[in-house]
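The chain below stands alone and is given in structure tokens; this is the form predicted on its own.
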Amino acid sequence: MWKLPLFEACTSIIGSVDSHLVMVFQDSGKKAILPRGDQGNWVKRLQKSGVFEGKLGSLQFIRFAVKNSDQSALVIGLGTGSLLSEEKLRGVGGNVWTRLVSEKANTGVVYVDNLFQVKGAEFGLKNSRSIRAFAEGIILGAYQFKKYKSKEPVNSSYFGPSRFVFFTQNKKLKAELDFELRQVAAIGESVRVTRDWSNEPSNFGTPIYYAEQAKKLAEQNGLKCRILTEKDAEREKMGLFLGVGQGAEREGRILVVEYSPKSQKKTQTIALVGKGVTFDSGGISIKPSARMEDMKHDMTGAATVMGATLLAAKWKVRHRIISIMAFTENMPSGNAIQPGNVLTARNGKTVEVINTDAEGRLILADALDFVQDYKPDAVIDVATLTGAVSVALGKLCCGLLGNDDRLIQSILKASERSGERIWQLPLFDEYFDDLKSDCADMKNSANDSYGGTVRAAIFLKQFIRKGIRWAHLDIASTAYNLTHLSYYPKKGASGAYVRTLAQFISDFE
């Protein structure tokens, strides 16, 4: 398996570096502000030739014709500093990674001081988090999934730059960068887990496979891991979870991963719940064949929960985390649930199954009831739950619904810090009227195209106990194949919302 690039902050450059990364602001007249030293000379020559003015996102690669040297420079435009944001810097970082890969660069040095000491204070970066955002863009862009390729080109040993040095002569800034870059390394490792899990083909990525992987990751990161079999689920009376998987030959698994902070001061318990349908055929209500291969990603909610738990643990957050990941398959067979069947949930409520392709909410309902036994201070579930969220919001953000305004605002604030967009949708109680059943306590679907995302959430709300703060993230439109951001893979799993959830847990009051 390929390794993520290493990041380090240094006050002196040790070892060989083949690529110099020079970031350049524009002044109010849209002309490049020349950095100090040799970097300024490089930019001046480019400016004179008319090929570079420092526009945001512009890249100019220079290869020096020096004997016995592979030295080069990548000059990077940041535009007007007053308009620069952390999210824009992440985008720049993603593009920088792609360009360095195309130029076969091996190492890079970023001249940090030039970004803080710029003529005209309004153009300089204000704090080390800006550098962190740039580094996040690089490490999130540094991902490929080639696990099952039998033949690679001759130069396949090259993946991309293996090391980035963030050079500064300011010792205080160096100490700040040490911390921020450690946080970034943890992001890279955790998001990779989420992306790898989501990209795994369903014939390999079975419920048992993810149970084994979770156990290994828990051991490596000081977490507790408990695995519930289907017999355990029967003892827990999880009729909805078992009903979804009864048409599959492979057994389901429920994973309970727990993080406990070393310090018990001001500790609260955050519960994360993830949908893990390792392949969703739709069951008897079978899906169309077009793009059905993407249904291996229907376990991305569980993968996101695993990644967020790992990241929060690596960050050593002060709160306890209980993460429930419910893995199963939704397959048609002689044993599969049928439209019109009635199932009994763990909490005793009965559900008439109108559409077997509305299976995610069934799995989550039992998992949500189960996790509330831990008496959490907040519960967030994450799921690729409805196609309707794509109709409502497209692929630029996911949907957020819940029963507590303060909790909702905390999640939105975390999403702003991470740059991962989230939009709140309404959750009026009247939406449940569409799910009333003639023969059971409720239906799992109204089986029409109206308000599908809200209806799915209002179904889940029926399994939230009084006094429990709860939020639901519908990530169906953002889990894979995102193309609008440079640091997301163009195909396959995005790994979105791992950072937001970890940030939320870190900031939770």
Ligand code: BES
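Throughout, we count residues from 1 along the sequence that is shown. As the structure is a computational prediction, the values presented were derived from the model and not from experiment.
Below: the form predicted in complex with the ligand, not depicted.
Chemist: Can you pick the one in Ile139, Leu385, Ile337, Val96 that has a heavy atom within 4.5 Å of the ligand in the model of the complex?
Modeler: Checking each option against the ligand in the model of the complex, the one that comes within 4.5 Å is Leu385.
Chemist: If you check Lys224, Lys237, Arg182, Lys287 against the ligand in the model of the complex, which one has a heavy atom within 4.5 Å?
Modeler: Answer to the contact question: Lys287.
Chemist: Within 4.5 Å of the ligand in the model of the complex: all of Asp369, Lys461 and His472, by heavy atom?
Modeler: Verified in the model of the complex; spot residues all out of contact, no.
Chemist: Given a 4.5 Å cut-off on heavy atoms, tell me which of 385 to 393, 400 to 408, 128 to 136, 242 to 250 is the interface stretch with the ligand in the model of the complex.
Modeler: Comparing against the ligand in the model of the complex, the contact stretch is 385 to 393.
Chemist: In the model of the complex, is there a heavy atom of the ligand that lies within 4.5 Å of any heavy atom of Ala105, even though the partner is absent here?
Modeler: Contact with the ligand, no.
Chemist: Wondering, does Asp357 line up within 4.5 Å of the ligand in the model of the complex on heavy atoms?
Modeler: Yes - in the model of the complex, heavy atoms of Asp357 and the ligand come within 4.5 Å of each other.
Chemist: If you check in the model of the complex, is Asp298 within 4.5 Å of the ligand, heavy atoms only?
Modeler: Yes, contact at 4.5 Å.
Chemist: Please check if Glu329 has a heavy atom lying within 4.5 Å of any heavy atom of the ligand in the model of the complex.
Modeler: Contact with the ligand, no.
Chemist: Counting only non-hydrogen atoms and a 4.5 Å cut-off, give the residues of 441 to 478 close to the ligand in the model of the complex.
Modeler: Counting only heavy atoms within 4.5 Å of the ligand in the model of the complex, the contacting residues of 441 to 478 are Ser445, Ala476.
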